[in-house]
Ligand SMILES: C[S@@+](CC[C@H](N)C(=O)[O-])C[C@H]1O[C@@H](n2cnc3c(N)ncnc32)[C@H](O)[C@@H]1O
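The data below hold one chain only, encoded as structure tokens and taken in the form predicted alone.
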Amino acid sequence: MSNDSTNALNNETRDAWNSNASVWDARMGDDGNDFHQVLIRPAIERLLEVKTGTRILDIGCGNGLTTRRLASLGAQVVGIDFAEEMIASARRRTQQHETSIEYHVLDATDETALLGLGERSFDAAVSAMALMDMAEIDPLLRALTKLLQPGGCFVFAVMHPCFNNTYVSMAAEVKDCEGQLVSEYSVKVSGYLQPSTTKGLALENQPKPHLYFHRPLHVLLGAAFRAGFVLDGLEEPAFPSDHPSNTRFYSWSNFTQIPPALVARLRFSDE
């Protein structure tokens, strides 16, 4: 992708997230929604294995949801986001652990800007549901090989490329099973292999649609492998069957056998 193309897509994406920042912040609040609390946060924390004093880079930190949580677990955290309004929300919400957190407005597709954070200055990096919002991920992955300490890890969560992309339709059916009406939930996938850029909604009432950058697994992980990472942890979280049901059929809490997210751990070593 050319620099001009990346810049144009970045500008469009940044404008959308700045427009949506207040709605997103109000919806996610201090602790996040059930998608974050049940699926994303536990998987990230299992793979990240946070220890007191660990220095972590939070990429695409939004309103600081993951940044604050990691700081509460004893980490020193640097949160970055290219949307100024998101960083403003993060700073407003950071009422505790201020000495353990710093925020920067920074574009994670800008390799030079990322390296300005300091080579070998992080034990780990994390990105909670942000890579699919990035026009390009190769500069970030290249930068992380220099930002991380040898043996450091990068844990990321994304919309599951196979089951949760803009080519997926969600369905609910009712069938008679020996005299009992049973609801059955499924997804229909009409596209997967071709990388694409499409507009979509993260929240129903967000003011402006934003761009999704769909990457099939071989593209997503291939970029990591080219940069020198290996995959050594993977989770595909779905809502448990005992999670409270949602009256909206398209809520992912009803799709207990289909993971809407993928959470992975990449490990880097320069040896």
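Note that residue numbering follows the sequence shown and begins at 1. It should be emphasised that the depicted structure is a prediction, and the values quoted were computed from it without experimental measurement.
Omitted from view is the form predicted in complex with the ligand, to which the following refers.
Just one listed stretch, out of 188-196, 121-129, 146-154, 92-100, contacts the ligand in the model of the complex at the 4.5 Å heavy atom level, and that stretch is 121-129. Scanning 71, 158, 78, 83 against the ligand in the model of the complex with a 4.5 Å heavy atom cut-off leaves one residue, 83. Although the partner is absent from this view, residue 10 contacts the ligand in the model of the complex, with a non-hydrogen atom inside 4.5 angstroms.
Using a 4.5 angstroms threshold between heavy atoms, residue 57 stays clear of the ligand in the model of the complex. Within 4.5 Å of some heavy atom of the ligand in the model of the complex lies at least one heavy atom of residue 109.
When contacts are judged by a 4.5 Å heavy atom cut-off, residue 24 counts as touching the ligand in the model of the complex. Taken together, 237, 239 and 263 are entirely out of contact with the ligand in the model of the complex: none brings a heavy atom within 4.5 Å. Residues 60, 61, 62, 65 of 43-65 are found to place at least one heavy atom within 4.5 Å of the ligand in the model of the complex.
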